[in-house]
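Next up: just one chain, as structure tokens, the form predicted on its own.
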């Protein structure tokens, strides 16, 4: 019996996958997400990613069996919390800082959300990966900000606007390109927070 046979098929697959370094994997993920932003999800192919990253198509298919699996893995690997660490001691200022942070990445992430819009309605794994990468971490951070504001007595715990603040913050990011043909930059988002979000919470 050969050593490969003794190890079994699962070990062999793991060995093959281990040949991709973390740096190379990051290159694949960056390439697929950037092509989705530029061309849309439906136009991106495994063949195109292989060509742009100078690897064989079989390398990608060995690691990720399908395009949705590949994109879902790229989304999960790109997860980062932009609102993490925002804690100024004031809910109003925390929300202004969140607006500035959102403005710094709105173009990149909003383009990705728009490009994946139709695909996520038909692929549950892709939809879940998108939420895990771009939505849930930021909502959790916003909810922590709001909870601190409640604990400090800045907002009543039963204030009816509290549950809608994440929808307001994410909604304006998605809607402004449709209404005005422009992404919501930091200045726009700070003005939005001051004109709509803070008054909704009863904050000056």
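Numbering follows the first chain given and starts at 1. This structure is a prediction, so every number in the text was calculated from the model and none was measured.
Missing here is the form predicted in complex with another copy of the chain; even so, the following discussion is about that form.
Site residues 40, 118 and 139 are all in contact with another copy of the chain in the predicted bound form, judged by any heavy atom within 4.5 Å. Another copy of the chain is not shown here, and in the predicted bound form it never comes within 4.5 Å of any heavy atom of residue 19. Although the partner is absent here, residue 128 lies well away from another copy of the chain in the predicted bound form, with no heavy atom inside 4.5 Å.
In the predicted bound form, another copy of the chain stays beyond 4.5 Å of every heavy atom belonging to residue 47. Taking the partner from the other structure, another copy of the chain in the predicted bound form has a heavy atom within 4.5 Å of a heavy atom of residue 114. Here the chain stands alone, but in the predicted bound form its contact with another copy of the chain, taken as any heavy atom within 4.5 Å, falls in 168 to 176 among 145 to 153, 55 to 63, 23 to 31, 168 to 176. Along 190 to 204, a non-hydrogen atom within 4.5 Å of another copy of the chain in the predicted bound form is carried by 191, 192, 195, 196, 199, 200, in order along the sequence.
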